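Take a look at this single chain, the form predicted on its own, given in C-alpha coordinates.
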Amino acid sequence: MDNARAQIKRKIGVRLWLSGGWLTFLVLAAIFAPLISPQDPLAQDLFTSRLPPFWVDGAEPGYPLGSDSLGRDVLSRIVFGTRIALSVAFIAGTITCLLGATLGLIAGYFRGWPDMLISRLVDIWMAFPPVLFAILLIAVMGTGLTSIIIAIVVIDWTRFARVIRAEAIGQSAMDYVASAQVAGRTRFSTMFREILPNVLPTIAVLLTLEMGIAVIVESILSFVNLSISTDQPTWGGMISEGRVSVHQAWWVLIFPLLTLFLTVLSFSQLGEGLKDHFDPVLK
(Lines give C-alpha, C1' and ligand atoms only; values in the text may rest on other atoms or scores of the structure.)
Protein backbone atom coordinates (compact mmCIF):
# COMPACT_ATOMS: atom_id res chain seq x y z
CA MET A 1 0.00 0.00 0.00
CA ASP A 2 2.79 2.41 0.93
CA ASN A 3 4.70 1.57 -2.26
CA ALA A 4 1.63 2.22 -4.39
CA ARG A 5 1.05 5.52 -2.63
CA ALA A 6 4.70 6.48 -3.13
CA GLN A 7 4.46 5.70 -6.86
CA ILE A 8 1.35 7.84 -7.18
CA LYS A 9 3.10 10.70 -5.40
CA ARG A 10 6.10 10.39 -7.72
CA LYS A 11 3.81 10.55 -10.75
CA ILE A 12 2.12 13.61 -9.31
CA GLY A 13 5.51 15.21 -8.72
CA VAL A 14 6.65 14.51 -12.29
CA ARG A 15 3.39 15.95 -13.64
CA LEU A 16 3.78 19.11 -11.57
CA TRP A 17 7.44 19.55 -12.51
CA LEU A 18 6.88 19.06 -16.25
CA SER A 19 3.83 21.30 -16.51
CA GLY A 20 5.26 23.92 -14.16
CA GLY A 21 8.59 23.85 -15.99
CA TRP A 22 6.99 24.50 -19.38
CA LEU A 23 4.86 27.35 -18.01
CA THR A 24 7.88 28.87 -16.26
CA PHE A 25 9.79 28.67 -19.52
CA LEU A 26 6.95 30.51 -21.29
CA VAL A 27 6.83 33.20 -18.61
CA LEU A 28 10.58 33.81 -18.93
CA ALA A 29 10.29 33.85 -22.73
CA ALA A 30 7.50 36.43 -22.52
CA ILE A 31 9.47 38.64 -20.12
CA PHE A 32 12.70 38.53 -22.13
CA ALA A 33 11.10 38.37 -25.57
CA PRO A 34 13.02 41.35 -27.03
CA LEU A 35 16.32 39.79 -25.91
CA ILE A 36 15.83 36.23 -27.09
CA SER A 37 13.90 36.81 -30.33
CA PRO A 38 16.27 36.49 -33.29
CA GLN A 39 14.26 38.90 -35.47
CA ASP A 40 11.68 41.68 -35.28
CA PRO A 41 8.36 39.77 -35.26
CA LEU A 42 6.74 42.43 -37.46
CA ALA A 43 9.60 42.83 -39.98
CA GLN A 44 8.63 41.68 -43.47
CA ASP A 45 11.05 40.61 -46.19
CA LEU A 46 9.71 38.84 -49.26
CA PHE A 47 13.24 37.70 -50.14
CA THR A 48 13.21 35.49 -47.02
CA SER A 49 9.62 34.25 -47.30
CA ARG A 50 8.84 30.62 -46.44
CA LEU A 51 12.32 29.73 -45.26
CA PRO A 52 12.31 26.22 -43.74
CA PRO A 53 13.47 25.36 -40.19
CA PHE A 54 17.18 25.05 -39.49
CA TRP A 55 17.39 21.28 -40.02
CA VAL A 56 15.82 21.40 -43.52
CA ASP A 57 17.78 22.16 -46.68
CA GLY A 58 17.43 25.80 -47.70
CA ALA A 59 17.36 27.21 -44.18
CA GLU A 60 19.15 30.45 -43.33
CA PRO A 61 20.80 31.62 -40.09
CA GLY A 62 18.60 33.87 -37.99
CA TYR A 63 15.42 31.93 -38.80
CA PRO A 64 15.68 28.78 -36.63
CA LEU A 65 12.01 27.80 -37.09
CA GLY A 66 11.67 29.24 -40.58
CA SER A 67 9.63 32.18 -41.85
CA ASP A 68 6.09 32.75 -43.09
CA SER A 69 4.84 33.93 -46.47
CA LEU A 70 5.77 37.54 -45.65
CA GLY A 71 9.28 36.67 -44.47
CA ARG A 72 8.52 37.12 -40.77
CA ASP A 73 10.44 34.93 -38.35
CA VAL A 74 8.20 32.18 -36.92
CA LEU A 75 10.13 31.79 -33.65
CA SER A 76 10.06 35.53 -32.91
CA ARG A 77 6.32 35.69 -33.56
CA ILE A 78 5.68 32.70 -31.28
CA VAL A 79 7.75 34.28 -28.50
CA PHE A 80 5.95 37.63 -28.72
CA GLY A 81 2.61 35.83 -29.05
CA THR A 82 3.38 34.25 -25.69
CA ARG A 83 3.06 37.67 -24.08
CA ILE A 84 -0.52 38.04 -25.29
CA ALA A 85 -1.52 34.47 -24.45
CA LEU A 86 -0.15 34.59 -20.90
CA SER A 87 -1.47 38.11 -20.26
CA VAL A 88 -4.97 36.96 -21.11
CA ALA A 89 -4.52 33.75 -19.10
CA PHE A 90 -3.28 35.39 -15.91
CA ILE A 91 -5.43 38.53 -15.92
CA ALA A 92 -8.69 36.98 -17.11
CA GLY A 93 -8.17 33.87 -14.98
CA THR A 94 -7.52 35.88 -11.81
CA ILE A 95 -10.48 38.22 -12.25
CA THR A 96 -12.78 35.33 -13.13
CA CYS A 97 -11.58 33.45 -10.06
CA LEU A 98 -12.15 36.39 -7.70
CA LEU A 99 -15.63 37.13 -9.03
CA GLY A 100 -16.90 33.57 -9.32
CA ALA A 101 -15.35 32.27 -6.09
CA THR A 102 -16.69 35.19 -4.07
CA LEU A 103 -20.23 34.70 -5.38
CA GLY A 104 -19.95 30.95 -4.85
CA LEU A 105 -18.85 31.44 -1.24
CA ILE A 106 -21.72 33.81 -0.53
CA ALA A 107 -24.28 31.50 -2.13
CA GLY A 108 -22.98 28.37 -0.42
CA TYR A 109 -22.54 29.81 3.06
CA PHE A 110 -25.40 32.28 3.45
CA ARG A 111 -27.93 30.18 1.48
CA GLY A 112 -31.45 31.70 1.45
CA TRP A 113 -32.18 34.45 -1.04
CA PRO A 114 -28.50 35.12 -1.92
CA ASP A 115 -28.14 31.48 -2.96
CA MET A 116 -31.39 31.53 -4.93
CA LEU A 117 -30.47 34.75 -6.74
CA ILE A 118 -26.92 33.69 -7.61
CA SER A 119 -27.95 30.15 -8.60
CA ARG A 120 -30.67 31.41 -10.94
CA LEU A 121 -28.23 33.87 -12.48
CA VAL A 122 -25.72 31.07 -13.04
CA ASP A 123 -28.39 28.88 -14.68
CA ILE A 124 -29.40 31.68 -17.06
CA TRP A 125 -25.77 32.52 -17.88
CA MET A 126 -24.84 28.93 -18.64
CA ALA A 127 -27.71 28.60 -21.11
CA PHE A 128 -25.73 30.65 -23.65
CA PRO A 129 -23.15 28.84 -25.85
CA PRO A 130 -19.83 30.18 -24.50
CA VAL A 131 -17.92 30.62 -27.77
CA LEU A 132 -20.83 32.29 -29.55
CA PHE A 133 -21.40 34.47 -26.50
CA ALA A 134 -17.73 35.51 -26.56
CA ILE A 135 -17.89 36.38 -30.27
CA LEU A 136 -21.06 38.42 -29.66
CA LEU A 137 -19.46 40.35 -26.81
CA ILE A 138 -16.33 41.07 -28.87
CA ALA A 139 -18.49 42.24 -31.79
CA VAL A 140 -20.32 44.65 -29.46
CA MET A 141 -17.30 45.94 -27.50
CA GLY A 142 -14.81 45.88 -30.37
CA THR A 143 -11.52 44.02 -30.69
CA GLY A 144 -8.66 44.46 -28.24
CA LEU A 145 -7.01 42.80 -25.28
CA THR A 146 -9.37 44.44 -22.78
CA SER A 147 -12.43 43.23 -24.66
CA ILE A 148 -11.10 39.67 -24.72
CA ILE A 149 -10.46 39.70 -20.97
CA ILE A 150 -13.92 41.11 -20.25
CA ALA A 151 -15.54 38.51 -22.50
CA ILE A 152 -13.75 35.65 -20.74
CA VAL A 153 -14.68 36.97 -17.29
CA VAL A 154 -18.31 37.49 -18.24
CA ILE A 155 -18.58 33.96 -19.65
CA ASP A 156 -16.54 31.82 -17.25
CA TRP A 157 -17.30 33.18 -13.77
CA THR A 158 -20.16 30.68 -13.52
CA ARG A 159 -17.76 27.72 -13.42
CA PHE A 160 -16.16 29.03 -10.24
CA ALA A 161 -19.48 30.02 -8.70
CA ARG A 162 -21.07 26.57 -9.08
CA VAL A 163 -18.10 24.54 -7.85
CA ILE A 164 -17.21 26.81 -4.92
CA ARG A 165 -20.87 27.01 -3.90
CA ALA A 166 -20.98 23.22 -3.58
CA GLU A 167 -17.71 23.24 -1.62
CA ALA A 168 -18.95 25.99 0.69
CA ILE A 169 -22.17 24.10 1.41
CA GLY A 170 -20.16 21.04 2.43
CA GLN A 171 -17.76 23.04 4.60
CA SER A 172 -20.61 24.94 6.27
CA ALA A 173 -21.86 21.69 7.77
CA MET A 174 -18.53 21.01 9.51
CA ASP A 175 -18.13 21.32 13.28
CA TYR A 176 -15.41 23.95 13.05
CA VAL A 177 -17.88 26.38 11.46
CA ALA A 178 -20.36 25.88 14.31
CA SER A 179 -17.53 26.35 16.81
CA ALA A 180 -16.53 29.65 15.18
CA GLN A 181 -20.11 30.91 15.36
CA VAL A 182 -20.42 29.88 19.01
CA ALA A 183 -17.17 31.77 19.70
CA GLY A 184 -18.90 34.95 18.51
CA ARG A 185 -17.43 35.44 15.06
CA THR A 186 -19.52 37.26 12.48
CA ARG A 187 -20.77 35.37 9.45
CA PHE A 188 -18.43 37.23 7.10
CA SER A 189 -15.48 36.55 9.39
CA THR A 190 -16.38 32.86 9.52
CA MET A 191 -16.72 32.67 5.76
CA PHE A 192 -13.36 34.29 4.98
CA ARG A 193 -11.31 32.98 7.91
CA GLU A 194 -12.69 29.46 8.25
CA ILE A 195 -14.38 28.30 5.05
CA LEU A 196 -12.22 30.10 2.48
CA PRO A 197 -8.90 28.47 3.56
CA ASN A 198 -10.52 25.04 3.23
CA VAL A 199 -11.73 25.66 -0.32
CA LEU A 200 -8.49 27.27 -1.51
CA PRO A 201 -7.14 23.99 -2.98
CA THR A 202 -10.25 23.72 -5.16
CA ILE A 203 -9.91 27.36 -6.17
CA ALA A 204 -6.26 26.80 -7.12
CA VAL A 205 -7.19 23.85 -9.33
CA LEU A 206 -10.01 25.76 -11.02
CA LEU A 207 -7.73 28.76 -11.56
CA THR A 208 -5.10 26.78 -13.46
CA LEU A 209 -7.78 25.12 -15.59
CA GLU A 210 -9.36 28.51 -16.29
CA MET A 211 -6.04 29.90 -17.47
CA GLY A 212 -5.81 27.11 -20.03
CA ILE A 213 -9.36 27.84 -21.18
CA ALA A 214 -8.50 31.55 -21.48
CA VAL A 215 -5.58 30.71 -23.77
CA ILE A 216 -7.90 28.64 -25.96
CA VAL A 217 -10.54 31.38 -26.12
CA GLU A 218 -7.97 34.01 -27.06
CA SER A 219 -6.58 31.74 -29.77
CA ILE A 220 -10.06 31.07 -31.17
CA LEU A 221 -10.84 34.78 -31.29
CA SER A 222 -7.53 35.64 -32.91
CA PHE A 223 -8.04 32.77 -35.37
CA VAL A 224 -11.21 34.50 -36.62
CA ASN A 225 -9.59 37.97 -36.46
CA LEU A 226 -11.57 39.11 -33.41
CA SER A 227 -8.59 39.45 -31.09
CA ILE A 228 -6.09 42.34 -31.11
CA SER A 229 -4.72 44.02 -34.23
CA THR A 230 -3.89 41.58 -37.00
CA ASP A 231 -0.36 43.06 -37.15
CA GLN A 232 0.45 41.79 -33.65
CA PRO A 233 1.64 38.18 -33.42
CA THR A 234 -0.82 35.82 -31.75
CA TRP A 235 -0.84 32.04 -31.74
CA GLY A 236 -4.34 31.86 -33.15
CA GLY A 237 -3.50 34.37 -35.87
CA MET A 238 -0.40 32.38 -36.83
CA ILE A 239 -2.45 29.19 -37.01
CA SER A 240 -4.97 30.95 -39.22
CA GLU A 241 -2.19 32.16 -41.54
CA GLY A 242 -0.44 28.79 -41.53
CA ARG A 243 -3.44 26.74 -42.58
CA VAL A 244 -3.57 28.63 -45.89
CA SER A 245 -0.02 27.64 -46.83
CA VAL A 246 0.28 24.35 -44.94
CA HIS A 247 1.32 22.43 -48.07
CA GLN A 248 4.07 24.92 -48.98
CA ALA A 249 5.24 25.90 -45.46
CA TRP A 250 3.97 23.43 -42.86
CA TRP A 251 6.15 24.95 -40.12
CA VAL A 252 4.07 28.15 -40.06
CA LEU A 253 1.11 26.09 -38.82
CA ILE A 254 2.76 23.31 -36.82
CA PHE A 255 4.98 25.28 -34.44
CA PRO A 256 2.36 27.71 -33.04
CA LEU A 257 -0.16 24.86 -32.91
CA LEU A 258 2.31 22.72 -30.94
CA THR A 259 3.06 25.62 -28.58
CA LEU A 260 -0.66 26.16 -27.98
CA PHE A 261 -1.21 22.44 -27.36
CA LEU A 262 1.66 22.16 -24.86
CA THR A 263 0.55 25.30 -23.01
CA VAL A 264 -3.07 24.23 -22.62
CA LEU A 265 -1.94 20.71 -21.67
CA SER A 266 0.45 22.14 -19.07
CA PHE A 267 -2.27 24.26 -17.45
CA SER A 268 -4.56 21.22 -17.40
CA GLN A 269 -1.91 18.89 -15.96
CA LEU A 270 -0.89 21.49 -13.40
CA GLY A 271 -4.50 21.66 -12.23
CA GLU A 272 -4.78 17.87 -12.10
CA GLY A 273 -1.48 17.63 -10.25
CA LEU A 274 -2.58 20.20 -7.67
CA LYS A 275 -5.87 18.37 -7.19
CA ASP A 276 -4.04 15.11 -6.54
CA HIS A 277 -1.47 16.84 -4.34
CA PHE A 278 -4.18 18.23 -2.08
CA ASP A 279 -6.17 14.98 -2.06
CA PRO A 280 -6.66 14.07 1.62
CA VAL A 281 -6.82 10.34 0.79
CA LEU A 282 -3.29 10.40 -0.65
CA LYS A 283 -2.10 12.45 2.29
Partner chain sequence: MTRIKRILLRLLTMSITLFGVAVIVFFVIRVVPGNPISMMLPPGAQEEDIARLQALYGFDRSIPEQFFIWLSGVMQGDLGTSITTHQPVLGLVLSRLPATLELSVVALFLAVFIGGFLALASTRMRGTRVEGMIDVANGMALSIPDFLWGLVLVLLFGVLWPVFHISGRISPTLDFQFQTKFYLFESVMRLRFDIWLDLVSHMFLPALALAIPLAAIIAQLLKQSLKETMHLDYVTLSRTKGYGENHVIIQEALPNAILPTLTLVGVQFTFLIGGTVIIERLFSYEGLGNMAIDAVINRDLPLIQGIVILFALIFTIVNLAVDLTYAALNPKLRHG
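Treat the numbers as computed from the prediction; the structure is a model and nothing was measured. Residue numbers count along the first chain shown, from 1.
There is another form of this protein, the form predicted together with the partner chain, and it is not shown here; the text below is about that form.
Residues within 4.5 angstroms of the partner chain in the model of the complex, judged by any non-hydrogen atom, belong to 134-142 and to none of the other stretches in 163-171, 67-75, 134-142, 200-208.
The candidate spot formed by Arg120, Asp123 and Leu257 lies fully in contact with the partner chain in the model of the complex, as each residue has a heavy atom within 4.5 Å of it. In the model of the complex, the partner chain sits within 4.5 Å of a heavy atom belonging to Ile239.
In the model of the complex, the partner chain lies farther than 4.5 Å from every heavy atom of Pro114. At a distance threshold of 4.5 angstroms between non-hydrogen atoms, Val14 is out of contact with the partner chain in the model of the complex. Within 4.5 Å of any heavy atom of the partner chain in the model of the complex lies no heavy atom of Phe25.
Listed residues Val246, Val56, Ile36, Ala43 were compared with the partner chain in the model of the complex; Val246 is the one with a heavy atom within 4.5 Å. Along 193-223, a non-hydrogen atom within 4.5 Å of the partner chain in the model of the complex is carried by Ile216, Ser219, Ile220, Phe223, in order along the sequence.
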